[in-house]
Structure formats: C-alpha cells, structure tokens
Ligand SMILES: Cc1ncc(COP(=O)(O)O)c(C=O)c1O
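Here's a solo chain for you in structure tokens, the form predicted on its own.
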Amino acid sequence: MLLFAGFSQAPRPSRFPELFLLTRHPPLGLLPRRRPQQTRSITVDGEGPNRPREGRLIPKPEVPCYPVHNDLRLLTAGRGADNGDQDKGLFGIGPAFFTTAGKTALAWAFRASGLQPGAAVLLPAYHCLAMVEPLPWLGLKPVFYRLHEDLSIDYAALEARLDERCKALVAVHYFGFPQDGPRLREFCTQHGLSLIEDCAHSFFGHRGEERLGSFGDFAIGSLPKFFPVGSGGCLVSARRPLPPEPLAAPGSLADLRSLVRDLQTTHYYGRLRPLGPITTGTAALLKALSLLGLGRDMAGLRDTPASLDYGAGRMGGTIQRACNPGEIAARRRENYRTICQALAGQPGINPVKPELEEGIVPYMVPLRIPALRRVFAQLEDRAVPMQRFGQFLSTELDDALCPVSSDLSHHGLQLPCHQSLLPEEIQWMIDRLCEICAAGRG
C-alpha cells in the first residue's frame, strides 16, 4: 500500500520529474486562482473577554499556516526513511498512544492518571478552548492559575490555588519555549499531583539535556502542528504506563478520506498540483460511498466525547518514519529567526519571544500588536496566515486572575514558521503584516 506522507525541504537530487515538485502559488506564482476559497471568521470585537461567534466570510490564507506536503515521497507499508539517531521528539520518549487530536490525547492523559469525576485540574489562564473541552467529558473541573509576563508559571499564585480537589496540573510549553521542567516535577511530587506536559506547541525541543515531555507523568502532542497531516494526537510517558490497548482504527475509507483532504489542502497552496485530478476523482468516489452509508467520517466526531474511542489512523503512524526531524528543527529555527529579524524595530509589532535559545524548536512566532483590534479584520481580508492562540478563553476564567492572559487574548497573534514555508512566502507574509499594522497606527 502506498501513502503520501512526510516532507523534506533540504536541497537534494530529485528522483521525480521537476513537474511533481512545483511549489509556487498565487500571489507568488504564475497561475492566479479564479476564486479563492473562503472560511468563516469568528472574530468578535468588544470590551471584556472574547467569546467565539461566527462572523463574516473571509478568504483563506494565501500562505499556509500549517505544514503541507512539499515534495513527493512514496512509502511502502512498514518502510520509511532511515533517520538514524536524530531527535524524534515525543516519539523518542517511548511508544506513542495515538488519538484523534491533541485534546483527546489530553483526555486520555486524565484517564491514565486515574482522575475521577469531580476532581479538579489546574490549567493555565492562557489557554485554547480545546484544552478545556475534555474536562466536562470526564466530569472534571478546571482551576485556572496565573502566569508571569514571559508566560512562565507563577508558582506562588499556583500554590494559592491548590485545594483537596486538585489532582493534576497541566503545564504548557508555549510556542515551543520550555517551562522549568525540574521545578514542575518537584512541585507536583510535593503536592501529590499528576503532571501532564502539554507539548502541542513543543513536539521537538529540549531544556538543557532533558527532552520536553520527559518531566511529566504524561505528555501530549498534536500532530498537525508539526507534520503534514490534518488531524491526530499522541500520548507518551517516560514514567507511567500507557493505556494497554490501541484505540479502534477509523478504517481504510476514513484513512483515505483524511489523506484526500490533506492533499486538497496541499493543492490549494500550490504543492503536488499534478496529482490534482487523481485527488478530485478520489474525493468524488468517497462522496458517493458516503451517501451510500459506507465508511465513517471522523470529522463529525472531532468535537464530541465519541472521538475518545478512536485512534489517529494509519497516517499518524507513518509520519514518524517519513519525516526528517533534523530538517524540521533546523528549518523552523531558521524561519523563526528570519521573521524576528525582519520585524525587529517595526512600529506596532512586538515579538513576545525575540530570542531563540539552543534546544528550542518553535511552533509559531508569537507577537503582541497593540492595535490588533483595529487591524485584524484587514489582516483577515488580505488573507495573511496567522493564528490567535488564546483569543477565546473559558467562561469560567476570572478575567482579573491573570492580566497577561487577558492582554494576549486581545493583542496576541502568531505567524507560522513551519518547515515547508518558502522564502518568498515568508517575505510576502511579513510585508503584508507590516503594511497593515503601519496603516493601523494612524
């Protein structure tokens, strides 16, 4: 069986015709799109905490926000690239328990920690809603804790939030920048808490000699943030046993449907375009089979407790062998530095983490934009690739608990630095951001 997975950007002799490696796309390429695809904005303006609500239609980004396939690699079942002793990130900690998404991996971390309904989990005040959603599925309660301005944990405030209900602590390595793992481990041991490292932003990376994810009782990862797949999460542990049995496989049709969706995204951003007719034909066939009631569409389960019963599918198991961890780390670090250097001194744009220390493999480039409320609609209309982690915070969070979280929910924005970005795409993204932010200051 042949699967398309993985990518590598480093120059190398191609085994395939040059036609298969076309990567340019509008607005950078020669072939304009007749009609850009659209998505729906959930931007909400107003005072106080943001709350998600569907808004107007906006164009999809012209530059991909997440990794896409950027070369063609055929893998026979059970075989993959020989990555030798390279850092495999969370996969290097031990066997992975694959789930449908990072948030379902988090739910399984709670289960594996033995948390019972009614228990409380310590969560950071700066969070995405996907971090909170699994708690009501399992009858758990969130207790939010404060962060310092650099997004490190305020341990004095954390200890003040403890009570007898608290059984676990979730710590996030924001955007790939590590928390103090040894101190976290000591704190949780002292207070009898299960430590769960949220490595959704930090699949790769170290703090000193220790791998991120190795400090906790469990660590969770989100595959689409670092690899060219549309879904999937994983649970790993260096200290505790994982669930004994793998989750149910989505099935061959579901695997094929996921692959087709990933390839459609790939084609939209100008990669693997010669495969477009095959992708379109396969998508039509899958649609017909779906109308006949054949095959399960996992997308319908993504935000429900039913997704806990399924694994990530075969694509998730293939990427470890197909991707080159060394290239992923090197290119992300290079792109991060390029973006930070280009934005240094730009009025109205403040990098949150301008320095990239040794061992950090970044997820995105976090920025604080004071005028974001005024310019965000323009950024959407110009299809600038971006994310707003923590834009929408839990309704159970006291806004006064953590001023940093409240501030970043309104003024924080992240740019992609992933390994499949092309230099001209990065420059286009920087130019649009600077142009719009400069105009918005007036």
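When you see a residue number, it is the position in the sequence shown, counting from 1. A quick note: this is a predicted structure, and the numbers were derived from the prediction, not measured.
Only in words, not in the display: the form predicted together with the named molecule, which the text now covers.
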Option from 326-334, 110-118, 90-98, 222-230 whose residues, in the predicted bound form, bring a heavy atom within 4.5 Å of the named molecule: 222-230
Using heavy atoms and a 4.5 Å limit, would one call M131 a contact residue for the named molecule in the predicted bound form? yes
Interface membership of L212, the named molecule in the predicted bound form, 4.5 Å heavy atom rule: no
Heavy atom of I339 within 4.5 Å of the named molecule in the predicted bound form: no
Please run the contact check for V172 against the named molecule in the predicted bound form: heavy atoms, 4.5 angstroms, yes or no? yes
One residue of R314, R257, K103, R271 in contact with the named molecule, assessed in the predicted bound form (non-hydrogen atom, 4.5 angstroms): K103
Considering only 180-210, what residues come within 4.5 Å of the named molecule in the predicted bound form, judged by heavy atoms? D198, A200, H201
